[in-house]
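Coming up is one lone chain in structure tokens, specifically the form predicted on its own.
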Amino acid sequence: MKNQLLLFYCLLSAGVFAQRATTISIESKDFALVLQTDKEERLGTIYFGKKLANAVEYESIPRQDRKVDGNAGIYNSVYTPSGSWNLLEPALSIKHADGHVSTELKYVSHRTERVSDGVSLTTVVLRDPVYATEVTLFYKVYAAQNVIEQWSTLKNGEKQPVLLEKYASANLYFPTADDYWLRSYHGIWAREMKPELTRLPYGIHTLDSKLGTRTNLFQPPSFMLSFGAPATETTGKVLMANLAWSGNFKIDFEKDSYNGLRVIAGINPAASEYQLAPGQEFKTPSLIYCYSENGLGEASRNMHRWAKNYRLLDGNGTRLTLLNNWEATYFDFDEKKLVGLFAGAKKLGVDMFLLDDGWFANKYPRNGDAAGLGDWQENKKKLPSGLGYLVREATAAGVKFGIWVEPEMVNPKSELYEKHLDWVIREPQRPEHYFRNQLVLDLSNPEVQDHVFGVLDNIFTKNPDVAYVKWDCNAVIYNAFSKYLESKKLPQTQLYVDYVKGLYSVLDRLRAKYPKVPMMLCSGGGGRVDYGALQYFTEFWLSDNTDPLERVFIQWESSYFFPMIASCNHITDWSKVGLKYRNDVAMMGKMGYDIVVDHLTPDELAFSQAAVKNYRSLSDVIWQGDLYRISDPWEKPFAGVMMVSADKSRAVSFNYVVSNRYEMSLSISPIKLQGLDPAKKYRITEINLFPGTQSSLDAKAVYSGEYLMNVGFNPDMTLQRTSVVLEISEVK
């Protein structure tokens, strides 16, 4: 017996009986993310994929440690520090109070708590044993939607300030796949959401923005990552993600020599070093991601459900149809012309009239984009009776009244610029550079935050019946310098971050006082579209490009990440494509008009009035239904999209020809529909027919859902029938 005890203690001292690893399983309805400590108490990712029925089996997953010169665990870290054992791209870089740049993170504790039905929060605490830097990782799981919202907080445990040089929101690790395929986006004004499919190479591939504001102008913080092969609508493993941050971002995809992939996403560290005082915490924005093993369609439908239930303002509510004056008048209008447009809005049948840019400023009148921005008083020449008169006249005409603002920006030719030069982001020693003839106000400054809040608060206080706001943002940040940060002796590198924090602070105040006013998020088009901003807005403007053929592609790509209820689409005179095509494309989302109603022919007016009624009757399906993409316009000469109600009793199918090639003069083959109940019977009716035309479809025919999804239905699109909208109704 003594010999056995002696052997036991010898083995224990030799490390044979190693400390049991801590395993943390973070599970949604269908997938799991599993973390585990190594012998050094470093925490790594050992599994990401389909959820196992028996959670205990996660502990049996073979470790994925990789070794470089005998050092294990550097590839799969859940939050990779820099300056110590790590040789790869870090998630965290800190310059400590003593000037050292070495950081280590060891596991301390974790817990999981219920937030609400179907929502849980797992927190994981890591700590540097030398500097007492503490990092807490947060994993908020929306189980039914298979969505995780992940962020981190960093706490300075030292007695002096430290400098955060990089501070990611999430550091994901995918152990192995044969290949990784990234679908990301690029673009510019009026050419947003151009997709790029990349087979990720070894090394680092980066998506980023350094524009300060309007950061999505060249590249949005949205992506899809497929494993093994590019996912299709119905097949393949895919991660769909959006970084919820309206400022500079950076997303790195680092493929290692073992075919593992690390994804590090967060605020762009370029020119963004952040000083953290003793005891102070810094919270990063969220990376929101959804995983599916059944293709892009399932992933996007889950993302939409999550957005409508948990993030988008009033996501399960309704939206206002509107008539906007921008493309009808631009800056050239007065009271009389606007009141005349109110009657057109009522005649058309929409809910609201939206007054766009050009209604304000007196010393430097807003008659173009080079003057007046920042001076938010009604222009007395254009609007001698003020906004209140317009609100009353709109109400008398039977429509609501909305208004355009761009409160974050200023023209150098303005009274605001003359009176508060210290409020403007500008480098005093360098020439000013303008974007759309304007500069950006310094929202790191609480006084500027009060001013921006006051712009909206003043409008609502004086005109409580204003029913809608279009919030624009057209400029980027040049010469990033803040007089406010200088006065507080804070690093200028905090400006990009504190600007966005200041913006969110203003929007928090605004929503606290005016929680239900619908607001459109606009940025010269889709220059600021992310789930950080969308928590304050009911909808967003995808692009200033309203050409319907271009819009088919922009709306298609946007629909992966954002639900139709959030997508603003307007019928305009931008394109000479027929009114029906323009209307049908705009119907695929939140519909509006930018036209002069009195310029419509009698047939065009009759068509538009009927289309508004059709849209209103189907709006619950369009806004709250499940989206199915049935024909990809990048691969075929036509686009097909369906929205299906939750009970599968109603659906609407949008079909658009996107090619004028000769062979399209013949009818296309049947399209296999999706999302219906195979056991139900359906009748298909063509709507939005132009006066004097008839449908070629048999409105009396009845089909089973099984037939429509396996055999299909031919909408009879030709070069003469380039847009076909179908209402699909259950027959009982």
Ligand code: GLA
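Counting begins at 1, following the sequence as shown. For clarity, every value in this text was computed on a predicted model and none was experimentally measured.
FYI, the form predicted together with alpha-D-galactopyranose isn't displayed, but the following is about it.
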Practice task
Would you please decide whether Glu408 lies within 4.5 angstroms of alpha-D-galactopyranose in the predicted bound form, comparing each non-hydrogen atom pair?
Solution key: no
Problem - 4.5 Å heavy atom contact, Asn474 and alpha-D-galactopyranose in the predicted bound form - result: yes
Exercise for the section: Give a yes or no for Met193: in the predicted bound form, does one of its heavy atoms lie within 4.5 Å of a heavy atom belonging to alpha-D-galactopyranose? Expected result: no
Practice task
Tell me, yes or no, whether Asp356 is in contact with alpha-D-galactopyranose in the predicted bound form, where a contact means a heavy atom of each within 4.5 Å.
Solution key: yes
Exercise for the section: Could you check which residue among Cys522, Leu126, Ala241, Ala361 gets a heavy atom within 4.5 Å of alpha-D-galactopyranose in the predicted bound form? Expected result: Cys522
Practice task
Let me know the one among His304, Arg551, Lys590, Lys470 whose heavy atoms come within 4.5 Å of alpha-D-galactopyranose in the predicted bound form, would you?
Solution key: Lys470
Exercise for the section: Tell me, please, which stretch of 202-210, 144-152, 643-651, 523-531 lies within 4.5 angstroms of alpha-D-galactopyranose in the predicted bound form when heavy atoms are compared? Expected result: 523-531
Problem - Partner contacts in the predicted bound form for 535-567 (non-hydrogen atom within 4.5 angstroms of alpha-D-galactopyranose) - result: Trp541, Asp544
